[in-house]
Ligand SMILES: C[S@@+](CC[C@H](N)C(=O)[O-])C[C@H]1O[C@@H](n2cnc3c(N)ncnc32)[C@H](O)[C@@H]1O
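Single chain ahead, written as structure tokens, the form predicted alone.
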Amino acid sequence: MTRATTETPLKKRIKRHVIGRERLFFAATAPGLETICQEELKVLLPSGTPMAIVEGGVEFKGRLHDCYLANLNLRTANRLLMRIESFHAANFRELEKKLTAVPWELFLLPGTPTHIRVTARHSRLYHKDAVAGRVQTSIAFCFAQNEFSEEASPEPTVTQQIFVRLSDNRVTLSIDSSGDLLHKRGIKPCTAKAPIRETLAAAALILSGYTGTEPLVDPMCGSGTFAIEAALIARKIPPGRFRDFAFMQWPSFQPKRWQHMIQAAEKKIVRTNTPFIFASDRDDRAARELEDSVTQHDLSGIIAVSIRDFFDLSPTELTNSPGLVTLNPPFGRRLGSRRESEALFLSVCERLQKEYKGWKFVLIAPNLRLAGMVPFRSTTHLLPHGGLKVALMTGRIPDKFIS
């Protein structure tokens, strides 16, 4: 005989208003990556899911299950927000009244530390600190007025971020489901001197047409971002497999559903013991740290790491067939002068032209002027990287060059 479990009124409300209801979500991206992220969502979510590109990312409707799925699988999103409420407020009295009606207990555990992030545009409520203070007060008031002693929950250890957007006197409240930004895959313990964000590297691979079946050479790998992102794609490993998320400490979190999702993803992972992704760098410390990360996360069957100088390496030493070469050459402060970085960049292009005939490429240039000096045809995308707008170039190096 099974013992019947009685759901508390709060659990019933959470199930009805958060778990069982379609809600609006917002996948935030870096400028220029919105379309790629939308294509990822179209593949990931059920056909016909309402979605649209908006300023800063992609909005879509879905259930909590879709929130889990997007956090686990999206390669190019920065974070995923769940909309809580949206209402009109043109002054603080109106704001305070509307905030009093927000059922914070559906979204936050008692005692949860919170950080309020406010953006304001074309709104009479332009004082961000004052708005954040009102939101914080409304959360405290909610839990002070309602004792949820019936709910035995663990002590929250994650600071939940509440986003408040003020635009044309409309207030939109959202909660961050991701926690750490999604580019933090939980794989690399260190950061090299020339980091490229994982989300940008994944976008570059997608833009290049990388399928995960051809050889890939990352010959100035640094911390190995291109190589690791390529390995995740090739082995069909979800980028969020090695990390936790903020939604795991929501009152609505369903551990069994999450575990089932992880197990389903594990079954799709492709196993291989023949490396066809080759990462190398002349910096022996960077190469050794990458090798440690690769071994620790069971990626040594697909990624081979070596200490080599790009200018001494020929891809024919690694593979018999052309594939994709990825390069983020050092520039700017990393070399000390603009002239030196430009000279290095042009030397890289010459080496590619000589050694990588017939290969597809991903190449990052610090500006459009330098990108225009590349001696082979490419498609250029201006994307944010390290506070700058860099030129991300993709294409194929011709088998023969006409002088």
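Since we're looking at a predicted model, the values are computed, not measured. Residue numbers here begin at 1 and follow the sequence given.
Here the subject shifts to the form predicted in complex with the named molecule, a form of this protein not shown in this document.
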### Query
Only one of Pro110, Pro215, Pro238, Pro330 has a non-hydrogen atom within 4.5 angstroms of the named molecule in the predicted complex; which is it?
Pro330
### Query
Exactly one of Arg165, Arg308, His183, Lys98 has a non-hydrogen atom within 4.5 Å of the named molecule in the predicted complex; which residue is it?
Arg308
### Task
Quick one: find which of 293-301, 157-165, 254-262, 274-282 has residues within 4.5 Å of the named molecule in the predicted complex by heavy atom distance.
274-282
### Task
Determine whether any heavy atom of Cys221 comes within 4.5 Å of a heavy atom of the named molecule in the predicted complex, and answer yes or no.
yes
### Task
Indicate whether Thr76 is a 4.5 Å heavy atom neighbour of the named molecule in the predicted complex.
no
### Contact label in the predicted complex: Pro195 to the named molecule, heavy atom within 4.5 Å
yes
### Any residue of 360-378 that, in the predicted complex, places a heavy atom within 4.5 Å of the named molecule
none
